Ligand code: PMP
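One chain is shown next in structure tokens, namely the form predicted alone.
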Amino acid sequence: MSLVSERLAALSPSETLAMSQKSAELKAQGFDVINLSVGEPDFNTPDHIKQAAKEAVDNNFSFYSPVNGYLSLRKAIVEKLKKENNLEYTPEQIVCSNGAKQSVCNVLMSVVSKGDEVIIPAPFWVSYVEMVKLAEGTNVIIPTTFEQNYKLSAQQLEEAITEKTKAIILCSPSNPTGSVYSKEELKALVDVLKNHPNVIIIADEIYEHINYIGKHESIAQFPEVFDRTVIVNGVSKGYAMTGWRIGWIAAPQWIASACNKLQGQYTSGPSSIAQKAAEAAYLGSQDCVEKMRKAFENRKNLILKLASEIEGFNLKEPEGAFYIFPECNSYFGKSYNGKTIQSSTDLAMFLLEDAHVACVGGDAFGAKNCIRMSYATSEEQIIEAFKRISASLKKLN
């Protein structure tokens, strides 16, 4: 008999974390597993950021911070938003949390009531739909296609909005597709949203700095929707600080206050030391960000070349983030060793067991014909991974 709550029973486990765990188990058994499943940079946190954390320890930043984060960090974020995005916020509109994942969940838990609809374009990051379930909202999944580069069109958005629509989640640059919305594409969505003043826009911009096509465009730049847009961002991806767990929102005051109230009851403020490190990330030299972005761009070019040589993979060039998301359904129905590939999750498991390469099936992202591969690993590992993938896929018939 299960005694867990209905709320928990309704949740699906994270497929990305599950695949990481399975690959770790194989590694522990002595297998040489190449992990293309993880969504984190393989770079170490830059030295000046680590130094700030050491100084924070020495200066006794070991007490509770304000629930929404130190004022000095929130001021640094305000300065970043002004300088990089030309957006005006006050420190009171910033809430710092234990990673951008908590930031997204805070917003949904603060604004979504039972039965409220949340529009999520597919493919989507795996946790969005589960968070909406937690908030007792209703997911409205809008499938996008390879041909539209997995980006939501204005027409699709217009058709999806009902009187029950409470929010929409947009992720740009996108996990898992690598797609990036242009200013023109965002404006087309804004032209729809301006006619629906009760819809809140949650803009997940955590991959902002990993962009291969030029300037990042935020939907918050449009005055028509600024006062109901919540930017979600953090230091994890751009500064190689995944384990430090610092994310944040920049939001209308009422949403920031709501998230502050919620967070005050279940986690309080994030790590004091990590906050001082994040402050140094924003106030210090940004050369490290560009250096890592260039390295990701080189890896993107390499993995695109290798993936395009795999028969049966159909893929778009990523415009940001550090994933490729090839269509792989040409392998569905093929078999090896008595096992038949029925889905992208099956294919991911086959590649883990046969090639010892960890990827994540697109089923988890609302895209059953695709598979997500991260290139947040060294060029040597990428080359070796695709040698193995090619050899394993040739066994399927």
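These numbers come from a predicted model, not from an experiment. Start at 1 and count along the sequence shown; that's the residue number.
A second form of this protein, the form predicted together with this ligand, is not displayed here; the remarks below concern that form.
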{"item": "Single option in Tyr181, Phe325, Tyr207, Tyr239 placed near this ligand in the predicted bound form, where near means a heavy atom within 4.5 Å", "value": "Tyr207"}
{"item": "Sole residue of Arg228, Lys80, Arg245, Arg74 within 4.5 Å of this ligand in the predicted bound form, by heavy atom", "value": "Arg245"}
{"item": "Close approach of Ala100 to this ligand in the predicted bound form, 4.5 Å, heavy atom", "value": "yes"}
{"item": "Exercise: Cys171 in contact with this ligand in the predicted bound form, heavy atom 4.5 Å", "value": "yes"}
{"item": "Contact flag, Tyr89 vs this ligand in the predicted bound form, heavy atom cut 4.5 Å", "value": "no"}
{"item": "This ligand contact at Trp125 in the predicted bound form, heavy atom, 4.5 Å", "value": "yes"}
{"item": "Residue stretch of 80 to 88, 199 to 207, 136 to 144, 218 to 226 approaching this ligand in the predicted bound form, non-hydrogen atom distance within 4.5 Å", "value": "199 to 207"}
